[in-house]
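Here we start with a single chain on its own, the form predicted on its own, put down as structure tokens.
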């Protein structure tokens, strides 16, 4: 297996590593993988945490290390969490946005209003008639909203941008 084949296989494996809290999206879907480096049989994977204090980082690291070690010609794996460039919600792929909706979480909006406010549609019925119930959700990266059309509470990923 060539280095290119190995890298392709590593990306295939990374696509199977799910967020421990949201099992419908992978670390690739969330845009967390910044770089994969191969040096002989050693692999270094540079990851961007969605939030620096995320308690799931150790779980993600262990899951990546175990999975990537199964790739042919890989003997050791090092996962590094880096903060430059910073992760932004713009990195979430279209597949990731659909996975968030399947889980009942509204993907972050692409645009912020001039006053810094943001708006998402309900992930269940796609209604725009939603209200923010609490900016602070169950994790630092999510808020709690309520859909006045289908009457469901739901979470939304907070928009994180380098422009904020």
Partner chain sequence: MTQKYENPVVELLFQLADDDYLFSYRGSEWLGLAPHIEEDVAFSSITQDTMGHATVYYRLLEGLGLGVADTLAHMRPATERKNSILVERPNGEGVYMETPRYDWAYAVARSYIYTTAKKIKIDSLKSSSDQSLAEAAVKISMELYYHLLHWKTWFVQLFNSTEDARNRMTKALEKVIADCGDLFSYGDAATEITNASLIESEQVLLNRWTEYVKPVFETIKVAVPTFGKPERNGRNGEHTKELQDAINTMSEVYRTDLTAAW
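For clarity, every value in this text was computed on a predicted model and none was experimentally measured. Numbering follows the first chain given and starts at 1.
Only in words, not in the display: the form predicted together with the partner chain, which the text now covers.
Undergrad: Could you tell me if all three of 51, 54 and 134 have a heavy atom no more than 4.5 Å from the partner chain in the model of the complex?
TA: So, yes: the whole triplet contacts the partner chain.
Undergrad: Just one of 134-142, 96-104, 32-40, 120-128 has heavy atoms within 4.5 Å of the partner chain in the model of the complex; which?
TA: Of the options, only 134-142 has residues within 4.5 Å of the partner.
Undergrad: By the heavy atom within 4.5 Å rule, which residue out of 73, 80, 88, 76 makes contact with the partner chain in the model of the complex?
TA: Spelling it out, the residue with a heavy atom inside the cut-off is 88.
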